[in-house]
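Single chain ahead, written as structure tokens, the form predicted on its own.
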Amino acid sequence: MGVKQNTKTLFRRNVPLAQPRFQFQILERHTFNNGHFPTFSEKVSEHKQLPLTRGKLEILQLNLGKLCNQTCKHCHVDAGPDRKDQQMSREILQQALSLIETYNIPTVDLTGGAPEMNEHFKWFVEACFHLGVHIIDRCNLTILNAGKKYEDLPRFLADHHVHVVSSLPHYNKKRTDAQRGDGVFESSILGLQKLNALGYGQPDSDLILDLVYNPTGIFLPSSQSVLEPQFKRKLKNKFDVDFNNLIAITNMPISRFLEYLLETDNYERYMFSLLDAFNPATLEGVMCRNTLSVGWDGSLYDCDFNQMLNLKSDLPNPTIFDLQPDKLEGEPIVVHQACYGCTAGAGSSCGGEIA
């Protein structure tokens, strides 16, 4: 049975694709109408670079929860305003702090949902700041305008020298709102202007503001070196907005984007485009080599995308309470078909291109 037929069967049964095991069943099929589709392990083995193993842990990435003030079409986290029950507890965050301090982990990367909506966000950021840790906040920008509760958030981020990484699919209102919802573009621009006013993205400031671009269609991102000057010119001329770097990220074939690909009968075409663009030079720099992803419940994953597929790290006890960062080097990395997204073209990671 082909992928397309199986997918329609799943829809007829009203099985939500947000359930990781059904996503994984679809991803791991290797026969398409166009023939055999190699597993990611098979493809990597052609270049004699298996198994992929971990290096030194440099980034502890924490998903503070799936609660978000937006519901974006391509969200691989399947986040939204209805995910209030999936929030990282203070106990887990305290354990993360202990590990950061004990093992001198240099960077903490806070994701969501909207990480700022976690009730412990400010406490945790302040604690990390006093430890001298590089703090990344993956901010959707609209949270900066989400009412009185968050009106002091820009100043808080600046006072604690938080590196803000913000999602902005495009400098065009129509394309951004099509992916993220009506009014998101204007609210995002307002958020950027608030951050600029505090020194973020300015040439004489150490407050770093990066933007994240991901395609609004079924194609791979263009080169960061091509896109960045376009974004800077358009945002400066139209809105007097400045930023430091543009990060280009490939849309991963999981969660809502996977559902979109299936509903539009583009899944097979997209997967083969990732396969055709496979670049072995990206394997040294994939984020799973130096980053560990922690789910809102404390479970450990080799990357944020594995987390959304519920593919836990291949460790004896994959929870943050059993984590020993100094023993991670050389451990195997759990791979699957969605990994083609990280190795296509110049590569894709939470930091953008890797080759």
Partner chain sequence: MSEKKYFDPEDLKKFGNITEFQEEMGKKFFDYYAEVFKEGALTQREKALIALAVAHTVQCPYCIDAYSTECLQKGADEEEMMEAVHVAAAIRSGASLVFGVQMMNHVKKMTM
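The shown structure was predicted, so the numbers you read here are calculated from the model rather than taken from an experiment. Residue numbers count along the first chain shown, from 1.
Not pictured, yet referred to below: the form predicted in complex with the partner chain.
Within 4.5 Å of any heavy atom of the partner chain in the predicted bound form lies no heavy atom of L207. At least one heavy atom of L220 is located within 4.5 Å of the partner chain in the predicted bound form. The partner chain in the predicted bound form comes within 4.5 Å of no heavy atom belonging to L198. Among residues of the shown chain, V226 is one whose heavy atoms approach the partner chain to within 4.5 Å in the predicted bound form. Only one segment in the set 86 to 94, 144 to 152, 168 to 176, 190 to 198 has any non-hydrogen atom within 4.5 angstroms of the partner chain in the predicted bound form, and it is 168 to 176. Within 4.5 Å of the partner chain in the predicted bound form, a heavy atom is found for none of R21, Q25 and K56.
Put simply, of Y260, Y213, F124, F278 only one has a heavy atom within 4.5 Å of the partner chain in the predicted bound form, and it is Y213. Between the options T264, Q202, N104, Q230, the residue in contact with the partner chain in the predicted bound form by a heavy atom within 4.5 angstroms is Q230.
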